[in-house]
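Here you get one chain, nothing else, as structure tokens; it is the form predicted alone.
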Amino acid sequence: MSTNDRFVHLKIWRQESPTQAGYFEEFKVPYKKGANVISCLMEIQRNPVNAQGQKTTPVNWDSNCLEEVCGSCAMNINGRVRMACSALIDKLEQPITLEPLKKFPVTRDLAVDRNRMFEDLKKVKAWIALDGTHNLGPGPRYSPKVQAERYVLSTCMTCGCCLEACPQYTRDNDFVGAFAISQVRLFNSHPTGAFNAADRNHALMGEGGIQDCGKAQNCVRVCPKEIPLTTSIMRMNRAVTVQTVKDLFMKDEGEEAGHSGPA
């Protein structure tokens, strides 16, 4: 059979709105060597006709950079969460089944609402506080080893793959998940960010924090950027333990200072 006669067979989840029931719809698009899942979805968008030859609506999905940087095209492909832009057709078994992430509300078809992830980043204060916009001068130097460690952590795309694979992360709980824990490690290791390390540690010590992690280690297996998420969880477990001890000592010192005052 010639290349021109070959087609890519896709089985895609369709859902008109968050409140409507979903279903699978099958499509066949012309095969192109080196094509990825996104290019097949684009082909359907150009010509929205299903495998039965019926005119249908274009498939809705999220994507932006198309080079595994933005994290927006995460979906379940043949039952495994991954990035659609780097999922090559030649390496996938057909029919290729495309489903949205199940840990987030579906907005339409393959697109989901991941706002919870950004709210969790707010919860753990995943940013560096700056005092004004004036020139602060050169920052402190740190070793190439620390620089390399921090760079890997900074490649997190907030894609949600680690959360999709995590058995502890569900729609009806408050667990922040591995990505947020790893971001706390990143910002606590920053020379300026370290000033607010205690605030981030306390956020992880609260409801939905690091104590809810069941150490399944699925997160590190599916991370498209190969971030050492289990190492981050281990480091932050130690950090919150140290923070707990510090809090106890500070509480005891405060009580002693109160008792030592005049009667």
Partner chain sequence: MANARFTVVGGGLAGLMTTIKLAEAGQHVDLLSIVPVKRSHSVCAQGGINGAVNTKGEGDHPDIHVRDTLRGGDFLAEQTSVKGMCYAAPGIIYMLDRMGVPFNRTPEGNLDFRRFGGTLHHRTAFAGATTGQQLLYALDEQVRRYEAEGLVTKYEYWEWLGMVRDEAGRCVGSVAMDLRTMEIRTFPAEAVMLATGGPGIIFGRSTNSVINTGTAAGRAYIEGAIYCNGEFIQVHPTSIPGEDKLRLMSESVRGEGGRVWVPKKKGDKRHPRDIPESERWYFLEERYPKYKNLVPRDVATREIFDVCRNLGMGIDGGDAVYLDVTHIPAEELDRKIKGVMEIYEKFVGDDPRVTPMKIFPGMHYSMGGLYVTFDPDPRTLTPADGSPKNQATTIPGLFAGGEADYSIHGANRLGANSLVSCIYAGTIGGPAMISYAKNNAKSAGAVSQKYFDDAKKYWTERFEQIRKMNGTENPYVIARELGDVMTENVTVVRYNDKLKATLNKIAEFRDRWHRINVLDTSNSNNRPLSFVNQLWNMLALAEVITKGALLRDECRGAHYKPDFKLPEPKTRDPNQDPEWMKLWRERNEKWAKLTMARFTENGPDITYEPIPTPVMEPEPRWYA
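Being a predicted model, the structure only gives us computed values, none of them experimental. Residue numbers count along the first chain shown, from 1.
Not on display, but discussed next: the form predicted in complex with the partner chain.
Only one of Ser63, Thr230, Asn50, Asn237 comes within 4.5 Å of the partner chain in the model of the complex through a heavy atom, and that residue is Ser63. The partner is absent here, but in the model of the complex a heavy atom of Thr158, alone among Ser189, Gln168, Thr158, Asn76, sits within 4.5 Å of the partner chain.
Relative to the partner chain in the model of the complex, residues Asn173, Arg221 and Phe249 are all farther than 4.5 Å at every heavy atom. Mapping the unseen interface onto this chain, Ser86 counts among the residues with a heavy atom inside 4.5 Å of the partner chain in the model of the complex. Of the heavy atoms in Glu207, none are within 4.5 Å of the partner chain in the model of the complex. Although the partner is absent from this view, Ser39 contacts the partner chain in the model of the complex, with a non-hydrogen atom inside 4.5 angstroms.
Using a 4.5 Å cutoff between non-hydrogen atoms, Thr97 does not count as a contact of the partner chain in the model of the complex.
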